[in-house]
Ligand SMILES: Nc1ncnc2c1ncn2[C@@H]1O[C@H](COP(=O)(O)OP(=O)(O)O)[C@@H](O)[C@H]1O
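Encoded as structure tokens, the following chain is the form predicted alone, with no partner shown.
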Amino acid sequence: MIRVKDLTKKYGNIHALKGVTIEINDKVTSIIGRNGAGKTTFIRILSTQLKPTSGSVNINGMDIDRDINKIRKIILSIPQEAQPVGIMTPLEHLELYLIARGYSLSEARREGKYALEELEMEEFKDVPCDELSGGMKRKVFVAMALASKVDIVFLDEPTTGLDPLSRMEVWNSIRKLDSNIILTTHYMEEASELSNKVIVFNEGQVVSQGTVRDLLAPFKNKVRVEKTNGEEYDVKIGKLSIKYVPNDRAQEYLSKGYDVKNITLDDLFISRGVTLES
């Protein structure tokens, strides 16, 4: 259980978080928001990497200021920019990480091998990470989470930059974690695949929360055109039809009676592969 109350974070005159109050107690929670919405700042504070300007955070009954060392023993954070050391193997990464968490060498080797087997990476355990695919490199960090048996895992955009196949491989690995998971993502499809609850951030505040179905419900049985500077294409989500058109063709669709609007935060809810029941 994570309880956040009146959480703020300022960088000079910029408010990254503006009085966020929320409880998180689902198995997997996704935090969605455009760049600059405050989601990464929020995750960094919860994972004890960043001090808030004001407000309180309580994790499993522990205060993030008074009990920071206790909290760090039960959490693991994997930032978006994390990359394995190229000359090291997956097993070496896990051994060193687990030793740093207090495991003996024999325990670290045993738990590391177990985690790699669980994630179907056993044949790559002694391969230098430079020779692994992007998806396999990300799975090395998921294996760390699995091996460490922590209570809470924070994942910051775990599949950004990966191709669709690699993304699905990482999703399958994340599903095998026993820990509670809080992840940030740009993809509603990813949130739909992995999470029980979605929290939407915008301009440093929580603007919506609920299940994926809850958040997509307002779009059912509607037809809308979204203006974009890119190419035209169609997306079908249940009974909702979305047509993306270049700005110079927006007037054409207005004349046909379509509701035309610029792409806003709503665009986060329009993701290829997301489906709604009728």
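Model, not experiment: these values are computed from the prediction. Position 1 is the first residue in the sequence shown; the rest follow in order.
This protein has a second form, the form predicted together with the ligand, left out of what is shown; the following refers to that one.
Participant: Give a yes/no on whether residue 52 approaches the ligand to within 4.5 Å in the predicted bound form, heavy atoms considered.
Facilitator: Although the ligand is absent here, residue 52 would stay clear of it in the predicted bound form, with no heavy atoms inside 4.5 Å.
Participant: Would residue 16 count as a contact of the ligand in the predicted bound form, using a 4.5 angstroms cut-off between non-hydrogen atoms?
Facilitator: Yes, contact at 4.5 Å.
Participant: Under a 4.5 Å heavy atom criterion, is residue 28 part of the interface with the ligand in the predicted bound form?
Facilitator: Flag for residue 28 set to no.
Participant: Does the 4.5 Å heavy atom contact test between residue 249 and the ligand in the predicted bound form come out positive?
Facilitator: Close contact is absent here: in the predicted bound form, residue 249 is far from the ligand, nothing within 4.5 Å, heavy atoms only.
Participant: For the three residues 11, 36 and 39, which mark the spot I'm curious about, does each lie within 4.5 Å of the ligand in the predicted bound form through at least one heavy atom?
Facilitator: Judged in the predicted bound form, 11, 36 and 39 all sit within 4.5 Å of the ligand.
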